[in-house]
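Coming up is one lone chain in structure tokens, specifically the form predicted on its own.
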């Protein structure tokens, strides 16, 4: 008994010593919730995306001791890619940590739509790199939304630019047939306005074909496509919808070279299940693709070398892992920018929002971060919460993605007035008075 008491006393003493350290760490940490989906039909895409996020946060803690010495505290919450569960996760985590959530990355356009009205009330910025509401690029109306490095409208315009290039120029679009095969959800419908405007501008025939969630039943859609004999199919899918579409295209002998997926239909889980039927399939890139950059060497050394990674090291350079890492990096750099104004301490969501809105990453800074070559320079302002409007095209060769185009820049002369109109309608509907970005500092 005495021995047990001694051991118990030693244990309690150790716990007592340990508790203040943990509390101190949490009191001085920057809390970031991670909304993820590692279960359900979208898990093959959600898992590598989430792994890229948390492994990058771990890298910042292990290599740098945190952001300017402030450790990142993160907690994952499983959404199953369901909007209601995503909102529950947001509500459960938004006030955690010493200053609440620094920002939220919903990893879902549906969840983003649901949180867009909550974020201004809670004063928590939403980072939606490559997804979310396209018109939220207008920061004068959408103060708390940041669709960094690419909106769906940018993607739609670039897809048509690439089709035009393959045909021999924009004038060759006239009379052509283009089908939009889209996930029947808010994110799947996002490109429709832009594609309709482009069809009117260039004279091509646009046909819209929806696919019900999750996208495993597409036989009727592809029979319709076979009958229509389009020149191209632009695919706006996510998760299991994408490999299913590629397999159904093969079944009706539609050439995969004439399919262009947008950037959430252009990762390894979208093509590998289709096997050789996916050879030739093309997809847009959200700037980055698969492959390694210098930041991956740091991951190997500081995270995987210490047995701390969520991802298998051999899977840490795929498209979606890299996307998660890029999104996490943008958030971390937004916090770092805010610390230059508010100090090296845990910041509130309102302070972090200021930092994201003043985020500038030029080529030199991207190189310092180890992300050179993965994304182009970005500059966020009050009026532009996207920051860069470029994309490229890649093609699957059966083993890997290969970049087949130079950089395209979205046509701002077309998109800017459309975005302004859409943002203005939202402001009127919600009773929002747009900020005067000329007076913001």
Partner chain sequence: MFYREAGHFHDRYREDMAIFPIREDRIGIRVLLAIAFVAVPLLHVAGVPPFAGDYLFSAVLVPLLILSVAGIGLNLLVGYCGQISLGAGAFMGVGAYAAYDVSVHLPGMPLIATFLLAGAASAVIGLVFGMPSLRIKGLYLAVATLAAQFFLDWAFLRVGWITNYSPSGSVTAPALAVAGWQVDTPVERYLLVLAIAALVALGASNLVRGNLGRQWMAIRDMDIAAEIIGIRPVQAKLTAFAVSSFILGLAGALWAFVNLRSWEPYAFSIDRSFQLLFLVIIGGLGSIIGCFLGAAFIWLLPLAVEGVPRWLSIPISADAASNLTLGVFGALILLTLIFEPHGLARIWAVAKHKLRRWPFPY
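Residue numbers count along the first chain shown, from 1. Computed from a prediction, not measured in an experiment: that's the story for all the values here.
What follows is about the form predicted together with its partner chain, which we do not show.
Just give me the single entry in 28, 381, 405, 39 that has a non-hydrogen atom within 4.5 angstroms of its partner chain in the predicted bound form.
When its partner chain is considered in the predicted bound form, the option within 4.5 Å is 39.
Out of 103, 254, 304, 182, which one falls within 4.5 Å of its partner chain in the predicted bound form, going by heavy atoms?
Partner contact (heavy atom, 4.5 Å) among the options: 182.
Does residue 213 reach its partner chain in the predicted bound form if we count a contact as any heavy atom within 4.5 Å?
Yes, residue 213 is a contact residue.
Please run the contact check for residue 315 against its partner chain in the predicted bound form: heavy atoms, 4.5 angstroms, yes or no?
Although its partner chain is absent here, residue 315 would stay clear of it in the predicted bound form, with no heavy atoms inside 4.5 Å.
Does its partner chain come within 4.5 Å of any heavy atom of residue 162 in the predicted bound form?
No, residue 162 is distant from the partner.
Within 4.5 Å, heavy atoms only: does residue 94 come near its partner chain in the predicted bound form?
Looking in the predicted bound form, residue contacts with its partner chain include residue 94, since a heavy atom lies within 4.5 Å.
Counting only heavy atoms and a 4.5 Å cutoff, which of 182-190, 335-343, 264-272, 198-206 contacts its partner chain in the predicted bound form?
That would be 182-190.
Taking 76, 88 and 429 together, does each of them reach its partner chain in the predicted bound form with some heavy atom inside 4.5 Å?
Each of the three qualifies.
If you apply a 4.5 angstroms heavy atom cut-off, which residues in 162-177 are near its partner chain in the predicted bound form?
Stretch hits: zero.
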